[in-house]
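Quick setup: one chain, the form predicted alone, written in structure tokens, and binding and motion questions come after.
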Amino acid sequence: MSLNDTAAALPAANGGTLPIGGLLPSSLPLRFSAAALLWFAASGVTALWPDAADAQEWERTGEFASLLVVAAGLLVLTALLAAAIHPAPRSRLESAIAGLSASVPWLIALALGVTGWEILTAKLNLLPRPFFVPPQALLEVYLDDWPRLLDCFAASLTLLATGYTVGSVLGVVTGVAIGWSRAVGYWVHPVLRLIGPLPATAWLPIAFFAFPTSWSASVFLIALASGVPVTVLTWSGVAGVNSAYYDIARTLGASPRFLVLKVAVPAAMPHVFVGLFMGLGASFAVLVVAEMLGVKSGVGWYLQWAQGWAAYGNMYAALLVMALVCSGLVTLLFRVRDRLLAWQKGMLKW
């Protein structure tokens, strides 16, 4: 039964929830309104409650309060739309609001979290400085230091894309070779078992000595971190292909090249994508560590610079953007997987 059918079947009598348009519960506008009220309250606390006398005066308090008002206004608009949607026909707008309904608890929790954060830092100054800053300090970084932050993230994404691409391509090729050829597996498998368990960061002294530049050494470390899981999972996928597939293909006159490219690799793609996910997570960790040594731009360099100057607002702002970028890249990889492996869509969630 679909979501629409389930919602339409909900009872309206005896205290049951009355669906709007067969999809939206009648309590949804009230829930969005409650979230909006909390965001308005967070804005009022930020703008009207004076900062602590012994606390630093934050320049972007007004802008941050205005941003909170905008968020609350959007929630009010959503509540009005949820209340005004006609029961029929079901529209894309109704589906979009229904999708947002699952995030209402998080919107309420975030409003309470931002309010508590503001009170504990800027208003009461209960958390030790300079290690804890109020939320408007992060907004100040985004408004005042965005050129440097943007340059660092552009450099990091370039480095990450280069190392991850190299590691993933070599990992897939090596994994297919190990899984297909016993001779390759005989020589490569022991080497893989030797270097695979070692963290890529353990190779830092060797990498910076063996490569001419810190950038090329960082590419090597990221490629190593991402390539090992891709190799292992690709090898596992190729080795686990049902032998009946090869027998049928050979009966139809398939060549060895066809067996590898059209039978082994497609059948191993679910394992390959698991390796790509693992490699992407490992490459993020290595990226920051590698950029802390020798490079002049990047997220790792920015974090080290911020910590050195006790600019913890800059550090937290960079960490927040990094978390969003990492999550976005993983989500993009999942979209690619769902497109290529449509028959497995929804089996692996993020």
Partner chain sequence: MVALENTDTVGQSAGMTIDVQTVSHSFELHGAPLPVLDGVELRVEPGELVALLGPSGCGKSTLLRLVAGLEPPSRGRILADGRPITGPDPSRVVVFQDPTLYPWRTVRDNVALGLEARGLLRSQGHRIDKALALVGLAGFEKAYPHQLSGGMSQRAALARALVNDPRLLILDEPLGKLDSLTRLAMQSELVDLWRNTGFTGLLVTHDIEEALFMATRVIVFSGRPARIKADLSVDRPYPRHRGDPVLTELRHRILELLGLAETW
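Residue numbers count along the first chain shown, from 1. These figures come from a predicted structure and were not determined experimentally.
The protein also exists as the form predicted in complex with the partner chain; that form is not presented, and the subsequent description refers to it.
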- Which one, Leu139, Val263, Leu170, Ala71, lies within 4.5 Å of the partner chain in the predicted bound form by heavy atoms? Val263
- Check each of Pro147, Gly253, Pro128, Pro212 and return the one that places a heavy atom within 4.5 angstroms of the partner chain in the predicted bound form. Gly253
- Given that the partner is absent here, state which listed stretch (157-165, 265-273, 197-205, 116-124) has heavy atoms within 4.5 Å of the partner chain in the predicted bound form. 265-273
- Query: Is Tyr245 close enough to touch the partner chain in the predicted bound form, meaning at least one heavy atom pair within 4.5 Å?
  - Reply: yes
- Query: Can Ala249 be called a contact residue for the partner chain in the predicted bound form at 4.5 Å between heavy atoms?
  - Reply: yes
- Is Phe258 close enough to the partner chain in the predicted bound form to count, meaning some heavy atom within 4.5 Å? yes
